[in-house]
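Single chain ahead, written as structure tokens, the form predicted alone.
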């Protein structure tokens, strides 16, 4: 087990190196004057009065040097936590990511609850009761959720439920409370901080604003995981070892939970890892529709304003999340399937 995890950890720097190469290559499609935002802020550019000064800045930061030298300089800045200045957030990119991450993490945390407690359970239920009314209803819900575009689902929910579950993150009356000196900020997640401050009114208000984004994210991701769980479970139930377990007279509950479900979770773990990484990285469409100030909306605003530094930092952050999610999934394989430990 330990050797398996060590091998995966040794591959992590190599994969991250490849991610940085791809991201940096994409940035090279933008001219050197646009890439100045990686090194200077608006105040510096505001003092530029001529094209000669721009050329001097380009030369100063090495944007006219060979690509490999530029890459080495940019990578050195990444290692030192210097991702450039974002005019969209009026902050350094690393500070903007830290600012918006708790908002997205809070949304992702609550969105995981229906995924874990409903999607996998309903997938197993649908497979065990194949071709029954419950199976047909579950499949209809899953197909509808997977086929419905995110922006359509979000807009429909806003249209019908905005009165009870408004957009944004907090109501107007709540903002002075969380900005007051008496409010103690622990995590910058309003629901958790409200509990720690003992203010249940703020907790309920923050939760009320999260309902529609959670339903939108959960329903689509829930539908995908449910379908994969059902398909994997159906295939597992046809295996010889399941037939043997039933022939031994084991209770059906033991056959399903101990022998079939665990092996059926292997492909589900892969999709779930990517889904969680996507939620943590900020779901751009959902946060934009519901005016939810997380990483997704920040990335959308940065892209619209051609904020190269912010887009680059967001892409790098998402790449790191996906690589980490793959590593976690690989380690999970070793716990779910003992055969992996022998490879």
Partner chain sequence: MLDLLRRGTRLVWGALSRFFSSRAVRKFFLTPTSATGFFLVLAFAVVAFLAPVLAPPRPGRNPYMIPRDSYLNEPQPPSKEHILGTTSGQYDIWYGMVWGTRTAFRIGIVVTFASALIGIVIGTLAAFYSRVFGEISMRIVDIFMTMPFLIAAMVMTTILGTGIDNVMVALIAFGWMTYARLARGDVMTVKDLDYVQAARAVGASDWRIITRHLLPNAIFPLFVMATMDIGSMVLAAAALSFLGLGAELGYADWGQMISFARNWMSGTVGSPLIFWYTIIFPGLTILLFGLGWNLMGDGVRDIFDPRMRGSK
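Positions refer to the first chain, counted from 1. Every value quoted in this text rests on a predicted model; they were computed, and no experiment measured them.
What follows is about the form predicted together with the partner chain, which we do not show.
- Only one of 173-181, 210-218, 143-151, 257-265 places residue heavy atoms within 4.5 angstroms of the partner chain in the predicted complex, namely 143-151.
- Distance criterion of 4.5 Å from any heavy atom to the partner chain in the predicted complex singles out 231 from the list 197, 94, 270, 231.
- Put simply, of 241, 79, 186, 160 only one has a heavy atom within 4.5 Å of the partner chain in the predicted complex, and it is 160.
- Looking at the partner chain in the predicted complex, residues 29, 280 and 315 each place a heavy atom within 4.5 Å of it.
- The closest non-hydrogen atom of residue 306 lies within 4.5 Å of the partner chain in the predicted complex.
- In the predicted complex, none of the heavy atoms of residue 58 sits within 4.5 Å of a heavy atom of the partner chain.
- Contact between residue 169 and the partner chain in the predicted complex is not found at the 4.5 Å heavy atom cutoff.
- In the predicted complex, the partner chain stays beyond 4.5 Å of every heavy atom belonging to residue 9.
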